[in-house]
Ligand SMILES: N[C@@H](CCC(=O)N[C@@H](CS)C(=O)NCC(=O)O)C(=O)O
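Only one chain is given next, in C-alpha cells, and it is the form predicted on its own.
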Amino acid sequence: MGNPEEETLSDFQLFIGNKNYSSWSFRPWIGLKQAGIPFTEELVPFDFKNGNPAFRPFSPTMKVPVLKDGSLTVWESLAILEYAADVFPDAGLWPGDVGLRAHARAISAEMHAGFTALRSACPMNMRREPGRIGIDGKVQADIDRIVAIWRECLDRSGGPFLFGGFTIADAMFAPVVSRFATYLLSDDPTVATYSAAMMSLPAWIEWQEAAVQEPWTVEEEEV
C-alpha cells in the first residue's frame, strides 16, 4: 500500500456523529484512518431524538456521515469510501484482483443494505458492558449470514482481514464486530479471530477510547 498522505494532499472534511453510537460514521472514519488518508474530523453529536438540527448546513439528508472535499459533498458511508478509493487509488481500499474486488463490493453492499434486524435489536454502543440479550429468529439469521461471510472470506484469504489486507469491506463490517463483542452474539472461533484483528487496530482503539469518554446519552440507542 502506498502512502496517500505523501502522494496527494487531502482537503477531506468528515462530518460524523457520536462515536459511541454512530455505526455509519465509524465505517468511513476507520476506513480513511487505516488507509492513511488525511482528513479533518467534524463531530456533531445527535443527542436529539431525530438527529440534530445542526446537521442541516452540511448534510442534504440530515444524517451523518458526510464528506466534504472542497465544493463536493458526498454522503452515505459506502459512497464516501468509494470516493476515497477513487481519489487515492494506491491506498489499498479495495483488493487489487478484479474478482476479489467484485466480491468485496458485493458483501459491502450487502452490509450497507441489509441486516436490519440485527442493527435494530443491537445498536452499536461501545460504552455498554458486554452481556447477552434476547434475540429473535430474524436477528439470529443475520448473525448466521455474517459469520458465513466472514468464514468464507477468511478461509480464502488467510486473514487477518477479510481479503488479507484491510479493505472497505472490513470498514463496512466494523460496527458489526463491535455489536458482536457488546452483545456476545457468537462463540464461533472465526468471529473471535477476526474480531481480535479488527479491535487491535490503532484506528479502532483511537475511536473506542474517544467513544467511551463521550458525555452524551441517547436513550433510543440504549437497549
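All residue numbers refer to positions in the sequence shown, first residue = 1. Because the structure is predicted, anything quoted here is derived from the model rather than measured.
FYI, the form predicted together with this ligand isn't displayed, but the following is about it.
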{"query": "Whether S10, F39 and K68 all lie within 4.5 angstroms of this ligand in the model of the complex by heavy atom", "finding": "no"}
{"query": "Among 125-133, 145-153, 75-83, 89-97, the region lying within 4.5 Å of this ligand in the model of the complex by heavy atom distance", "finding": "75-83"}
{"query": "Contact flag, F15 vs this ligand in the model of the complex, heavy atom cut 4.5 Å", "finding": "no"}
{"query": "Interface membership of N20, this ligand in the model of the complex, 4.5 Å heavy atom rule", "finding": "no"}
{"query": "Contact flag, M62 vs this ligand in the model of the complex, heavy atom cut 4.5 Å", "finding": "yes"}
{"query": "is_contact(R105, this ligand) in the model of the complex, heavy atom dist at most 4.5 Å", "finding": "no"}
{"query": "In the model of the complex, the one of F46, F180, F163, F173 near this ligand [non-hydrogen atom within 4.5 angstroms]", "finding": "F46"}
{"query": "Option touching this ligand, based on a heavy atom within 4.5 Å in the model of the complex, out of N52, S157, T193, S186", "finding": "N52"}
